[in-house]
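Take a look at this one chain, the form predicted alone, written out in structure tokens.
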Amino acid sequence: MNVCNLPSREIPWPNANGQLRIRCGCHPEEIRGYTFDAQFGSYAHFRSLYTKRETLETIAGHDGANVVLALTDNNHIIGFGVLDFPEPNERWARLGAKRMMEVKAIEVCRDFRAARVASGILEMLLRHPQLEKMIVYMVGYSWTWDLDGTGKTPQAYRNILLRLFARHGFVEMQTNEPNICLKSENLFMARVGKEVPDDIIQKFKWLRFGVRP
């Protein structure tokens, strides 16, 4: 499945400073025509996952990836989300080709977080034509969270993520993946598609603990 087959769709999103729109299935060529907010950068205790628009362009060219953008009316990017397959060397790739996808990023610049844009971004990330045939997961590492910008403790931020993803069918799951286990507030959640075969679900249970049945 090629990225160009992902349907481009958008929904309006209300905001106190004027209506935004959230667009999924963005292609590299269109992203190249947008501007990227300067708030996606580095702070004293936080660095954005992606600090350049070109990174989103590259990911949008990956086979099957879904890049979602939150845009102002003048095509300015104030939020983004990325759904992509795991890297070949990651544990989750061992389940098999095209079996798992990761919500690799959801980020909204500080000035727009009150509009709850992240919820709309996640909704559009999951508008993927193969969603029900795959297991979609997210990994929450506390050292990547903008705790200063939100004024939240790690546990409070974790609870926000739990609620956000649970609304879209994700369930918190245990794993012994070393990076996740480094801190108690780290988080692993997954959504198992309705068409995922039972044998793949069983393999996923073993894989979460690094066991080869």
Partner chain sequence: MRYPKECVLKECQEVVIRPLARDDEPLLLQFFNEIPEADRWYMRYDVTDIGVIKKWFEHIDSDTVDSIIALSGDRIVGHGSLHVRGFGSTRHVGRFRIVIHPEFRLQRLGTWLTLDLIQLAMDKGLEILRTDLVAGIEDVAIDAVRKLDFVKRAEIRDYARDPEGNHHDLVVMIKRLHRGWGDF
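This structure is a prediction, so every number in the text was calculated from the model and none was measured. Positions refer to the first chain, counted from 1.
Heads up, the form predicted together with its partner chain isn't pictured, but that's what we're talking about next.
S.K.: Hey, in the predicted bound form, is E54 touching its partner chain, heavy atoms inside 4.5 Å?
M.R.: Judged by the heavy-atom cut-off of 4.5 Å, E54 is well away from its partner chain in the predicted bound form.
S.K.: How about T72 - does it come within 4.5 Å of its partner chain in the predicted bound form, if we only consider non-hydrogen atoms?
M.R.: Residue-level check for T72: no, no contact with its partner chain.
S.K.: With the partner left out of view, is G169 within 4.5 angstroms of its partner chain in the predicted bound form by any non-hydrogen atom?
M.R.: Although its partner chain is absent here, G169 would stay clear of it in the predicted bound form, with no heavy atoms inside 4.5 Å.
S.K.: Quick one: is P28 in contact with its partner chain in the predicted bound form, heavy atoms, 4.5 Å cut-off?
M.R.: Contact with its partner chain, no.
S.K.: Within 4.5 Å, heavy atoms only, which of S184, T35, S42, T150 is in contact with its partner chain in the predicted bound form?
M.R.: Only one option qualifies, and that one is S184.
S.K.: Given its partner chain in the predicted bound form, answer whether the residues W143, K205 and R208 all have a heavy atom inside 4.5 Å of it.
M.R.: Looking in the predicted bound form, the three residues W143, K205 and R208 all sit within 4.5 Å of its partner chain (heavy atoms).
S.K.: What residues, if any, in 66-97 have a non-hydrogen atom within 4.5 angstroms of its partner chain in the predicted bound form?
M.R.: Going through 66-97 in order - heavy atoms within 4.5 Å of its partner chain in the predicted bound form - there are no hits.
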